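So this first bit is one chain, no partners, the form predicted alone, shown in structure tokens.
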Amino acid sequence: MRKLLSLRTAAAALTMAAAVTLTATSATAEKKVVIGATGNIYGWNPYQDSAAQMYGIWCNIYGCLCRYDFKKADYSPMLAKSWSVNPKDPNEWTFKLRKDVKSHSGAELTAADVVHTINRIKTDKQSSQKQNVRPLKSATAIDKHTVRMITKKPTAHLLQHVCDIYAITRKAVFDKHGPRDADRKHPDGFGPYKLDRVVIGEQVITKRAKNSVFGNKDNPDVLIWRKMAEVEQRVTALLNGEIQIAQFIPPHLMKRVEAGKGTKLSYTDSVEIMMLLMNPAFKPWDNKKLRQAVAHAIDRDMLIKTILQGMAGKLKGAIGPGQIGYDADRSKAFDLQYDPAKAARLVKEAGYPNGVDVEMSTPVGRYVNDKIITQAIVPMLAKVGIRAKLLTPEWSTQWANVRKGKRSFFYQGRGSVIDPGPALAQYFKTGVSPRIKYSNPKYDALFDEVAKEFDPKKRQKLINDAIAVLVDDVPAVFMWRHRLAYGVANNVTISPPANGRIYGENIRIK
């Protein structure tokens, strides 16, 4: 009997080995790229999260109306072939859709799908993207391939809300299968990659769609985003060939990647603005002088020079070079200087002669050296009388609490800031989102003027007038924009995007 069991075990082992061999042979035939990513992997619903990583993933799968091209410094068509604003009515936008785009199952892209997407983002109980449709009064299918969007008021930055954001899902699939099964069991996108599997918290697996009009033969056949929060894990996996792209290599590990036999570094200047935010809904952050004290207590130049080893550009105000509205001359006045003596005085003037105890939170591994940076900030604040207890939750926990407005003092990035309108509204305009419950009528009025102004020069002035209010009121210390390094396998070519969204068509395999 024991001998018979041994024979059965051996036979099972041979069968398993054969299966593994077949899988390995099949996998070798496919060009596969695995991305070691820092962001969380959410579920099947493409509107459930509002972080850059998931926006990019769903745009690969479902397709977006348009995308920002950093080389052209302008928006480029994707599912929409063109768009225009009515010169007689700045509230009226018209989007013309491509007629050659088919879904992964072969269905035609229609204006009804775009209207359905907008309505779903607005009403879906799981949606975290309602701020992106808030400017719209209505969206209507004029004909099979034309969508008319009417804004509630003139919104010059509407493309920042619309283009890279709206993953276009099919109305017919949703109507037939309902909100749960449409995404989970019957995903049918218009993008270059077809959804194969989602493992929540771990990875998203996609395969190149054979009938897609996007991309070319050098793109990966299989594209996988795998969550790897620990940077050591990403670097080791890259050097071992387990992954081909590793996000956000910190300065102290760059030489290790460069020294690898099959790896290299690829760089990009990020448009993500890093901030230290103070939520006035929580005491003591309703005190302006205390917020000002924080701004003068932090030596950003030193942090950039030491912890980031020069791989960041200090922000003077909310935005930097290359972002819409940036004014180099005016930004000089927005640079709040490191002045610990002034910060200590402001703490006392704020009503805390013996200092004050606060909690500060940071994600760990989501941004370059995030934990190390905030650990270095703690003694800077202590020096001026602000005793900060540092909280280091998992990114998924931190992000959920930030989105619900449950963090009082925290380190955070806001990605994809091309036109600053949506970003600055999301964090600082009254009632737009609960992330920080900051409210200033002067800022709100200026922001409304920014949104209505289509003339670039006039708009630049208004943007900087609005930034001046934020710099004076200090709901946030604007820190820097990272210069990001990606670890890349030698046989892979990618120009990492400044907005952190990786598109399969931009990846080439030799």
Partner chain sequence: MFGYIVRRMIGTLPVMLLISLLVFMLVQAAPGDPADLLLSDEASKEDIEEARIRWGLDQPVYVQYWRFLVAALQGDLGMSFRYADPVLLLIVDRLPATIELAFFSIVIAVIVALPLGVWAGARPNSWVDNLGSIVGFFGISMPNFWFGIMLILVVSGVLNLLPSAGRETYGVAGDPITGFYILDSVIQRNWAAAWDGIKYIILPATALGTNMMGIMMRVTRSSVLEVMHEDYVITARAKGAKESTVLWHHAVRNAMIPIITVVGLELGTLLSGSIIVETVFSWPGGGSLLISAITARDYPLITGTVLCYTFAFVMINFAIDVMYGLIDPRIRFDK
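Keep in mind that this is a model prediction, so the values were computed, not measured. Residue numbers count along the first chain shown, from 1.
Missing here is the form predicted in complex with the partner chain; even so, the following discussion is about that form.
K.L.:
Whether 118, 266 and 499 jointly form a contact site for the partner chain in the model of the complex is the question; each needs a heavy atom within 4.5 Å.
P.N.:
No: no residue has a heavy atom within 4.5 Å of the partner.
K.L.:
Counting only heavy atoms and a 4.5 Å cutoff, which of 178 to 186, 292 to 300, 82 to 90, 319 to 327 contacts the partner chain in the model of the complex?
P.N.:
In short, 178 to 186.
K.L.:
Which one, 225, 95, 427, 285, lies within 4.5 Å of the partner chain in the model of the complex by heavy atoms?
P.N.:
Of the listed residues, the single hit is 427.
K.L.:
Could you spot which one of 148, 437, 145, 256 gets a heavy atom to within 4.5 Å of the partner chain in the model of the complex?
P.N.:
Selected residue: 256.
K.L.:
Answer for residue 461 alone: is it within 4.5 Å of the partner chain in the model of the complex, judged on heavy atom distances?
P.N.:
No - in the model of the complex, heavy atoms of residue 461 and the partner chain never come within 4.5 Å of each other.
K.L.:
Answer for residue 40 alone: is it within 4.5 Å of the partner chain in the model of the complex, judged on heavy atom distances?
P.N.:
Residue 40: contacts the partner chain in the model of the complex.
K.L.:
Should residue 261 be classed as touching the partner chain in the model of the complex when contacts are defined as heavy atoms within 4.5 Å?
P.N.:
Close contact is absent here: in the model of the complex, residue 261 is far from the partner chain, nothing within 4.5 Å, heavy atoms only.
K.L.:
Can you work out whether residue 310 and the partner chain are in contact in the model of the complex, taking contact to mean some heavy atom pair no more than 4.5 Å apart?
P.N.:
Heavy-atom contact with the partner chain at 4.5 Å: absent for residue 310.
K.L.:
Taking the partner chain in the model of the complex, which residues of 117 to 137 have any heavy atom within 4.5 Å of it?
P.N.:
Stretch hits, in order: 125, 126, 127, 128, 130, 131, 132, 134.
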